[in-house]
Ligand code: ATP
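For reference, the chain that follows is the form predicted alone, supplied as structure tokens.
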């Protein structure tokens, strides 16, 4: 038996379509022919700051066992012809689908690309040079080669010893694409409450919003996220869905693991489009700018960077506004490049307040005669009591330590503001480091 890894990326478009949908259609054709899967289909979310992504910047890998070289040839023909057919339905001049098939063990440079693609920009020229070195890799890129970056990264990101979660995706019949998704909100709430910590970010109770249903024209009906594939299958059966379903598929994924956050020792080493976590000292008091965004600055090692909590993070901005100069913090997020209006900026995802600075305010002195508040009579001229008229030319303002309405700890935005890779605090300490390789029955189904 021969190990085969299929990677694909950049199939979705603004006109519809979805990389996972193409992968599920291909996976079903393989599964129904009796091909053995070594893993659930993998969704590998890559650097969310990449400017040319369509939506979630997700690539997909399929990992299978085949019997012969002839079987590999048949699978390659099926995968490439299916990609042509799928891309033809959702034409988009900006998209550059990439498909690879790798035979055997995964080379080190696939894993190198996978790690770098999580948090940084990966030059296409680098991927092309490395692919030339692999005689065991077949490549198909019908309209530009950019999608090959994600395809290689998906194959290289095995998640065999790194944190992972699961997502059960259900897909719509084609005649329903573009219409409002029909999933009972009450059933989503009931399922979320019944299965508790086994599910991840499926409903926002603060803002009353279902989070499992996307809003775009893509074929996804819903995505139920959680820690255990068996629980996801049970929970899915209890959802009230009032439209026909085409496919369902369980994916193993790096979603909600913070896999994109790369620790850096110094602000000086941060570049545009990187996703980082970095420590620094707050050097400017947060301000709320037009649009409702809250911006402040941190510094370390002789370098400074802007940090922004944007309006969609809602109540998270209220916490950020409590920061003061001198606070020691760790900020997490992805950077956007500088412009004429702002410097290099970290789009804040979470923040750890490590130490809060002592804040001193200087207030007018109290009158020693009547206890009233005194007022200045001019620079260098002392103070006068408003109530009794007492004057003291030597009096000065009194320092008062202000009690901070912010405690050390980790803070996150509401569920509604979470993106695919962001790990909620509720998952801290629940990270998985081992995958058994055992798949549950019915992990992929053609329903209709």
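Residue numbers count along the first chain shown, from 1. The structure displayed is predicted, hence computed values, not measured ones.
Although not depicted, the form predicted in complex with this ligand is the subject of the following passage.
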Would you mind picking out the stretch of 23 to 31, 387 to 395, 405 to 413, 39 to 47 that comes within 4.5 angstroms of this ligand in the predicted bound form, counting non-hydrogen atoms? 39 to 47
Please state whether every one of the three residues 165, 167 and 200 places a non-hydrogen atom within 4.5 angstroms of this ligand in the predicted bound form. no
Position in contact with this ligand when the complex is considered in the predicted bound form, options 277, 225, 293, 95, heavy atoms within 4.5 Å: 95
Answer with one of 350, 317, 146, 172: the residue that has a non-hydrogen atom within 4.5 Å of this ligand in the predicted bound form. 146
With the cut-off set at 4.5 Å between non-hydrogen atoms, does residue 122 touch this ligand in the predicted bound form? yes
Might residue 117 be said to contact this ligand in the predicted bound form, defining contact as any heavy atom within 4.5 Å? yes
Flag residue 401 as yes or no: does it have a non-hydrogen atom within 4.5 angstroms of any non-hydrogen atom of this ligand in the predicted bound form? no
Though only this chain appears here, would residue 419 touch this ligand in the predicted bound form if you measure heavy atom gaps against 4.5 Å? no
Near this ligand in the predicted bound form, with a heavy atom at 4.5 Å or closer, the residues from 46 to 84 are 46, 47, 50, 52, 53, 54, 55, 56, 57, 58
